[in-house]
Every structure is written in C-alpha cells, then in structure tokens.
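Alright, here's a single protein chain in two forms, structure 1 and structure 2, each given by itself as structure tokens.
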Structure 1
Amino acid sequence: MKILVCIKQVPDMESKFKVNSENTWYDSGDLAWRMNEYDEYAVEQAVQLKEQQGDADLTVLCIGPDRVKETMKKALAMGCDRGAHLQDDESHKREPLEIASIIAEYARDKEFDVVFTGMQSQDRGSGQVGVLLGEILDMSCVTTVIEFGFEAGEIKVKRELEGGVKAKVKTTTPAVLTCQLGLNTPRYPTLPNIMKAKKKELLSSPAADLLKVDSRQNTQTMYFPEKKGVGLVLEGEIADLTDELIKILKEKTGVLA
C-alpha cells in the first residue's frame, strides 16, 4: 500500500499578526511556525494505517519555502517514511485549485492508494484542497472524517455533518480523505524517532514545474476589521429602563425626535 499525507506549515495562532506591505496577506516576519492542527490528525491516521498494513509506504508532502522542512521533520519523526518538499516561496498567494493541482501532478503517476489531508488550514480555512485533489485525480473523496477504519481493501469512516449529525461512509481505494479535529490523538515524536527522522529522505523540487492551471482568483486587499463601540447594559426596574432607553436613543442615534 502507498499512502500520501499532505501537510501545511502555518503560524502559531497565538502569534501577533500584522498585514504585509502589499496588504494581501499577513507579514511572515517574527512569527512562530508549526504544523497545521488538522494536518496533525491526518499524519497520525496515515501512520496508524501504515502500521496496520505492515508493508505500507508513507510519504509526507508540503508546499512552501525552505522553512517548511522543519515542520516536515516532525511528520517524519511521527512515522512517515520520506518527505516531498515542493519548493514555492509564493505558496501563500496560491488559491486552492493551484495547490490541489500541484499536489495532483506530483501524485498522478505514483499510484497512491490513500491520500490524507487536513479538513482545512488554520490560516486560510477554505476546506477546498482535499476535495479538488480528489476531483483532479478522479479518486473518491470523503471529507470531515472523525473515525477511520480499513479492512480487506475497504475504507469505513464516520464523517461529521452540520448540527452534530454523523454519517457512516464506505469506499474503496484509491481515495482522498480530509481529517477533522478529534479523529485520533496525534503522537508526540520521541527523541529516538526525531534522530531517525534526520536520516530519512527529504527531497525538494520546484512546485512551479507541477503547476498546470492558471489562477482564478486573487486577493485585492486585506485589513483588520474596524473596532466598534462597546455595548451598553442597562439594569434596574422596567419602567426606569424604558425611560433610560428612550433617552439614549434620542441622544445617541437620533432615531427618536
């Protein structure tokens, strides 16, 4: 069995964000970087499937600048066999279709049986890459997976729907699965595995060589929402509150003449 897991490096969400000079994305300077949280569940599930199958081969893929290699090393320490770094210093400008197209071109001739991705990224949150990837590769795609099982060539999952509703789905390989929070408990890499990860294959190649589609959207501007005035809570007897409310409406809004 051949397994691919796709990850993304994102800023720590506790970071203090600033809009960049182009007003199109956040400023990447002085940010702490980590693996996208949804992707941690994808990596864990991919490693569990590899361990279950025994002879499975697991590749972790990441698109981005050189710094993403540090995040990929965590996936290697968690149990991935090799890393495929698709070098792209402009990856933050890529729309979901472009990202999915790059991954698809990499995976097209490698005959992966199962592809895991996170449900969405924490910084962009489109939730589209996994679905588009399945469409481009003509593979079954199941989203928001919260339980996973594999037996006799059949994938059985439970996926999360709106309003807390769950759905049980069966499919066969090849398939793309996007992983939701709570699917499993991602393991912490042990020191021996961190040391082993340093010797694992981690090859870089230009993402531009795999980009076969044109961008269909672009970001015109990005800005923080304007701060609004604080609310006012009135307390007391209803009769007094009514008079106070009318007074405020007259003075602050002009609604009542």
Structure 2
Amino acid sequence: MKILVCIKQVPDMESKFKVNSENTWYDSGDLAWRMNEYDEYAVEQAVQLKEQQGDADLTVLCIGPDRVKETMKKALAMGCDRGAHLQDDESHKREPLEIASIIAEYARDKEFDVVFTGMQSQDRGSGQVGVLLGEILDMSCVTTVIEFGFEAGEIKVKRELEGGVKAKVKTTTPAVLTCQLGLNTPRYPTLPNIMKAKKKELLSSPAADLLKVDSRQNTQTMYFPEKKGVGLVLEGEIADLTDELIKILKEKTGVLA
C-alpha cells in the first residue's frame, strides 16, 4: 500500500502578527512555526494505517520555503518513511486550487492508495485542498473525518457534522481523507525516532515545475479587523485584578448577590 500525507507549516496562532509591506499576507518574520494542528492528526492516522498494513510506504509532502523541512522532520520522526519537499518561497500567496494542483501533479503517476490531509489550515482556513485534490485526480474524498478504519480494501469512516452528530460512510481506495481534530491522539516523536528521522530521505524539488493551473483569486488586502469589542480590558497585579473583577460581577451580574 502507498500512502501520502500532505502537511502545512503554520505560525503559532498566539503569535503577535504583523501585516507585510504589500498588505497581502502576514509578515513571516519573528514567528514561531509548527505543524498545522489538523495535519498532526493526518500524520498520526497515516502512520497508524502503515503500521496496520505492515508493508506500506508512507510519504509526507509539504509545499513551502526551506524552513518547512523542520516541520517535515517531525512527521518523519512520527513515522513517515520519506519526505517530498516541494520548494516554493511564494506558497503563502497560492490559492487552494494551485496548492491542490501542485500536489496532484506530484501524485499523479505514483498510485497512492490513500491520501490524508488536514481538513483545513489554521492560517488560511479554506478547507479546500483535500477536496480539490480528489476532484483533480478523480479519487473519492471524505472530509472532516473523526474516525477511520480500513479493512479488506474498504475505507470506513465517520464524518463529523454539526452538534456532535456523525455520518458513517464507506468508500474504496484510492481515496483522500481530510482529518478533523480529535481523530486520534497524535504521538510525540521519541528521541530515538528523531535520530532515525535524520537519516530518512527528504528530497527538495521546485513546486513551480508542477504548477499547471492559473490562480482564480488573490488577496487584495490583509488587515486587522476593527475591534468591535466594547469590553473592558483589565491588566495589572493579580490581587487587584481579582478585586476589580469581583466588583464588576457584583454590579453587572446577579451571580454574587
């Protein structure tokens, strides 16, 4: 079995963001980078499937500048066999169709049986790449997967719907699955596995060679939303803060009455 997992490197969401000089994206300086949270579940599920199959081969793919290789090393340390880094300094500008098309061209002749992606990225949040990849390669795609099973060539999953309801669906390989938070418990790479990962194949090639579509949208401007919050912001010493808050709760709510 051949498995592909597609990951993205994103900034820590608690970062102090700045808009870049062109006003089209956030500035990439001074940010801490990590694996997109949804993709951690995708990597874990891919590794679990590989372990279940025994003789599977698992590739992790990431599009982006050289720094994304750090995040790919984590995926290798979690258990992926090889890394395909599609080098692209402009990846932040690419819309989901371009990203999906690059992945599709990479995957086209490689006969992957199962492809995992996160259901969305934490920064752009479009949630389209996995679905578009499925459409381009004519593979079935199930999104928002919260439970995954594979048996006798059949993929049985649960999709998460609103209000905690789940839909049980099945399909056959080849298929793309987009992974939702809570699908599994992503493992922490152990030190021996981090050391082993250093020796694994991690090849870089230009993403531009695989880009076969024109973009259909771009970012006109990026900006901070106007603060609508009329709320009070309290800062200072803990002891003062607790007193202030208690005073407010007494005045504004009935709960301490």
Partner chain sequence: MKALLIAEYRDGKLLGGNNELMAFAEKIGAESTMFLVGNESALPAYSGKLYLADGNECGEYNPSVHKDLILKVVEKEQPELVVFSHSSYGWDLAPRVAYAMQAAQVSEVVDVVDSMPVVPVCNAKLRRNVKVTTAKAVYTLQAGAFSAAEEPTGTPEVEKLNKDSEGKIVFEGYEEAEKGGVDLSKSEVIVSAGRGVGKPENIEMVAALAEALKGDYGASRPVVDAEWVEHNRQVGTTGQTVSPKLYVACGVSGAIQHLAGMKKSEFVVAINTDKDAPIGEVADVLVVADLKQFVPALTEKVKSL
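Start at 1 and count along the sequence of structure 1; that gives the residue numbers used here. Note that this is a predicted model, so its numbers are computed, not measured. Here the rigid core means the biggest group of C-alpha atoms that line up within 1.5 Å when the two forms are laid on top of each other.
Of the two forms shown, structure 1 is the one predicted alone, while structure 2 is not. Superposed on the core, the two forms differ at Asp240: its CA moves 2 Å or more between the two structures. Annotation for Asp138: C-alpha shift under 2 angstroms between the two structures, rigid core superposed. Core-aligned CA deviation for Glu151 between the two structures: less than 2 Å.
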